[in-house]
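Each of the two blocks below gives one form of the same protein chain as structure tokens; they are labelled structure 1 and structure 2.
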Structure 1
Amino acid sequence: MFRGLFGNFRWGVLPVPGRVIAVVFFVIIFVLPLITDDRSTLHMITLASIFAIFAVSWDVLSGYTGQVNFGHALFFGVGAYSSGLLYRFLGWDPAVTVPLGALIAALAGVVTCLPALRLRGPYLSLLTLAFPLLLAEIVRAIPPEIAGGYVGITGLPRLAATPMGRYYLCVVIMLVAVLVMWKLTDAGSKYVRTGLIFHAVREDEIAARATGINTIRYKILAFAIGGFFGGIAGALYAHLLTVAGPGTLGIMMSFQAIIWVIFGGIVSIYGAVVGVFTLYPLVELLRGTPVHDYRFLIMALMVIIILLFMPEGIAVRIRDKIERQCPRCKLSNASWRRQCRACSADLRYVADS
């Protein structure tokens, strides 16, 4: 088995620069706490992994399935608040409240979906924009003894006792969640059909219906998946900061996810991860420096530059630069190779995509 794994690594990963970068990235993330003891760095990466789950779940719902959601914070907030309420009234452990919170957020996704099924395009986006704002107002209106009012539900238990424990927990959950979502949306998968169907629903819903796809079922499924993983992120966030506040339902939260994903590259799981791990640490590292007050301006400028010059997203553009698909066997090759590594087709004159 180890021999097979090593073979996979040697022939499947090493010749493809994009995969090498992904492996190096995760290795760095895993050994980082052994190198540095800096609490703020660890905290930053922990939060970035939580936001990566959140951004990727937005990408699955809006990028892959085409149901552009401007209120993804709803799932984040529902995850945070339901795990907080479960702790406050039932006293359960984070190990129970996080999955339960995610399930409740998935349910919230299905409920949102019901009025949203009849709408598409900008109308759907505007409707979804309203949901988290409504919920935030409701939370503020409920007596603070129940839902915490303006402050939020405070005093939640921590995910783990040490910063390193929290770090590894969040990174591993991020890795697993991203892998699951990647597999669910993989259009070339031999075992899961949701990937291809999500693409079909995005491209042309009526055509998908006439081809025998129950589009309503798959749209509900997409909302449930988006809600579930958005809810995991929200519940982890609440337990990490020990407070589930109305900020988790804010407009900023919804649009940050969109900005991260579009910066990295929409309709690509890795693009969302790259977007989060570039923009979020950037803003955090500028905290306390002389440009502290302008850090969001700098982020906005970067996003504008990326949108102007690489509208497909920075990660997708870089991948296109360093990898090239063999025209014959569709295998990824490093762009500096002259021949395909599997079928030795000539790659020198293949146009850049």
Structure 2
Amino acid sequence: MFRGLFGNFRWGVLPVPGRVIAVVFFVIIFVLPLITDDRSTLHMITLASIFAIFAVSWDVLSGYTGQVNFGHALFFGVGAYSSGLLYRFLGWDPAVTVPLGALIAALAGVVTCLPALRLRGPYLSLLTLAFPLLLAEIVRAIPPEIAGGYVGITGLPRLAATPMGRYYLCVVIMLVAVLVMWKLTDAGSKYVRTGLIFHAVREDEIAARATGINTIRYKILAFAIGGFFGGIAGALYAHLLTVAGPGTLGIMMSFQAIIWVIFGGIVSIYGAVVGVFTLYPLVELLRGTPVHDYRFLIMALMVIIILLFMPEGIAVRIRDKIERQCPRCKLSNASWRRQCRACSADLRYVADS
């Protein structure tokens, strides 16, 4: 078994620069607590891991299927509040409330998808934007002894007793969640065909329906997947901060996910992760500095520059610079190779194109 794993790593990871960078990134993330015990740094990376799950879940729904959702915070907030309410009234542990909160958020995704099935473009986006705003007002109107009112549900138990425990728990969940979403959206997967169908729905829904694909079923599935993983992020966030408040349903929460994904690269799972781990730590590190009041302006300028010069996203641009896809076998190769590592096809004209 170990020989097979080593062989897959040697021939499937090491020859591809993008995969090597990903492995190095996750190694750094895992050894970071062994290098520093600074609580603020560990807390920042823990939050970034949660937001990475949230951003990738938006990319799965809006990037891969084209169902542009401006109200993705609905799933984040439903996961947070569901987990908080389950603890407040039933006293259940986060190990139970977090997955249950994610399932309730997935159900919310299915429910919100139903009235949006016949809408496209800006009409769909505006409808999805209304859902978290409506739920936020409902939460504020509910008696505070139930949903906490404007303050939220406070006193939630932490995910783990120590900052390092919370750090590793969120990082591992992020890694697993990102790998699952990557597999679900991989158009080249031999075992899971949802990725190929999601791409077909995004490119031309009418043509996909004409070939016999039940596009309604896969739209609902996309909303359920986005809701489930968005709910996981929201529930983890609530227990990390020990409060589930109306802020989890805010407009900025939805648009932050969009900004992170656009910055890193839409329709690329790794792009969302790069966007979160670049922009979120940047904003946090600028706190308490002379440019503290301008940190969001700096982030906005960075996003504008990326949109102007790298509209496909910074992570996708870097990947295109260091990798080339073989025109014959479609295998990824390092950009400096002259021949494909598998079929020996000439890669020079690919690099020149």
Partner chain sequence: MAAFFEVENLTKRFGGLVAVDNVSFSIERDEIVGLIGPNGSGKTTLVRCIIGILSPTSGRVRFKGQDITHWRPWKVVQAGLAGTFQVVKPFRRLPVIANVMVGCLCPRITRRGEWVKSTPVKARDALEFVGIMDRALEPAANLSHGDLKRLEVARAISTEPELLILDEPFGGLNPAETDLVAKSMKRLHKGGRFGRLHSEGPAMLIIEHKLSDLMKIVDKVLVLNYGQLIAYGPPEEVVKDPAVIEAYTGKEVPIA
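Everything numeric in this text was worked out from a predicted model, so none of it was measured. By convention here, residues take numbers in order along the sequence of structure 1, the first being 1. Heads up, when I say rigid core I mean the largest set of C-alphas that superpose within 1.5 Å between the two forms.
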Note to self: form predicted together with the partner chain is structure 1
> Do you see a C-alpha shift of 2 Å or more at A22 between structure 1 and structure 2, with the core held fixed?
Replying inline: no
Aligning on the rigid core, one finds that C343 shifts at its CA between structure 1 and structure 2, in Å, by 2.7
